[in-house]
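Heads up, the chain below is alone and in the form predicted alone; it's given as structure tokens.
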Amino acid sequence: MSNHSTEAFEALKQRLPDWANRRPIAERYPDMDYGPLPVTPYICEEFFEQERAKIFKKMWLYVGRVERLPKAGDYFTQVIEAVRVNKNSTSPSFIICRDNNGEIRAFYNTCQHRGTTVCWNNHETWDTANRKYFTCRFHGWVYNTDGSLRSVPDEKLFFNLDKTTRGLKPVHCAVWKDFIFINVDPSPRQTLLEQIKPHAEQLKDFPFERIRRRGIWTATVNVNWKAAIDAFQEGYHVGTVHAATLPEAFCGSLNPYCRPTSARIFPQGNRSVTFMVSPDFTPPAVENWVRRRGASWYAAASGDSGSEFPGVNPDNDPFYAFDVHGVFPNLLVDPFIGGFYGHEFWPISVNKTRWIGSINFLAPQKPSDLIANEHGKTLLRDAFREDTVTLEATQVGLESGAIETAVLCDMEIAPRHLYNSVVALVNG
């Protein structure tokens, strides 16, 4: 929101870089390959199978937030297609739960009798259920919330059954700032904190633990997972894709093409970029009223210095809006002054991805907070709808045979770094 007079705005512009002649981000990372990118990694099934084997079956994957598991016995399930045994097998399901001792655990959702799925609830409802025990509905085997096998009907008829070896199969589970991750590799090559180190360091004091989900959306789209992520981690598209909703907010006279104000590239595919809100943007009357009372997802409430949200805007860029943290391999976390929004990208096949988007704010303290949250939620929902419209059209073009390489500009450094990191892991 702009509270500046014309004179003050002009004075502020004088203290900012000349955007038309601004030094490219690439100068900060001269060792990166800036050439054209072959499209094969977006369309090749063999390459996708290597991604599954070398990335998704080896790395920590975000599955949900601790806020979904407030009580002992609370659980939800998660299907992860990318870690299936082979390209023709069905996709495994996982139970994520809080056991009776308060520990967050994860197990394969598979009975150790004859392999039946134990919890049959719909993993795409985002509902949390609660059970004192997990009971297989086929033959009634019962498991404790810590995964141990509790009881077996007519147990005496089994041959030397050792119940201590027949608990639910665990998977590695770790929590950072209320984000729950799992790793299906029996011997992970890194800890979770080693994998997400740059984000964990930058956002170590950001109050994720006090922030709660206010909205969630999903779509299954015929697009490669990397191409899907790219649509949400660059601003080059804003002036066209969001022409009906957001262009004035992000494409003002100071920054007409929504260039990121800064970018940071880290090892192992991790990256972050920062975007600004245009200082000459005048919000509509309703939005202006809302922003005087609470935070939106790209502008703090009037008078909010952001002191409650340390870690945002790492380069102290002027007219800060939000950051985009690319948490490798398939998560975007976008903090702002007031909360964060995020994206999950779950590969189903080489050209099909399940996208999940969410908006999250501090728990409301007064009625005006609720109004601000709902207003921000609606704005973001409409922007997400516009973003997802382009995805399938991108994949159609990539698979058409009409394009052999993609060319990315300086402001598309996040997509380039993701691409290069994936290719390096697959080839390495």
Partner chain sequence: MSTAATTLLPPEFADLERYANDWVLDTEQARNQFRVRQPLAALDDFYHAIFPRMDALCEYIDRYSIDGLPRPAARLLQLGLMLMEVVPAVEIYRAPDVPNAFEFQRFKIISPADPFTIIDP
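Positions refer to the first chain, counted from 1. None of the values given here were measured: they were computed from a predicted structure.
Heads up, the form predicted together with its partner chain isn't pictured, but that's what we're talking about next.
**Student:** Should residue 244 be counted as a contact of its partner chain in the model of the complex, where contact means heavy atoms within 4.5 Å?
**Tutor:** Residue 244 belongs to the contact set for its partner chain.
**Student:** Whether residue 287 contacts its partner chain in the model of the complex should be assessed with a 4.5 Å heavy atom distance threshold; does it?
**Tutor:** Within the cut-off, so yes.
**Student:** Just to confirm, residue 57 within 4.5 Å of its partner chain in the model of the complex by heavy atoms?
**Tutor:** Looking in the model of the complex, residue contacts with its partner chain do not include residue 57, since no heavy atom lies within 4.5 Å.
**Student:** Contact with its partner chain in the model of the complex for residue 348, defined as at least one heavy atom pair within 4.5 Å: yes or no?
**Tutor:** Result no; residue 348 lies far from its partner chain in the model of the complex.
**Student:** Which residue, 84, 163, 214, 169, is the contact with its partner chain in the model of the complex, using a 4.5 Å heavy atom cutoff?
**Tutor:** In short, 214.
**Student:** Just one of 72, 219, 119, 174 has a heavy atom within 4.5 Å of its partner chain in the model of the complex. Which one?
**Tutor:** By the 4.5 Å criterion, the partner-contacting residue is 219.
**Student:** In terms of non-hydrogen atoms within 4.5 angstroms, which of the given stretches 36-44, 358-366, 23-31, 58-66 touches its partner chain in the model of the complex?
**Tutor:** Residues of 358-366 come within 4.5 Å of the partner.
**Student:** Let me know which residues along 319-354 have a heavy atom within 4.5 Å of its partner chain in the model of the complex, or say none if there are none.
**Tutor:** Residues within 4.5 Å: none.
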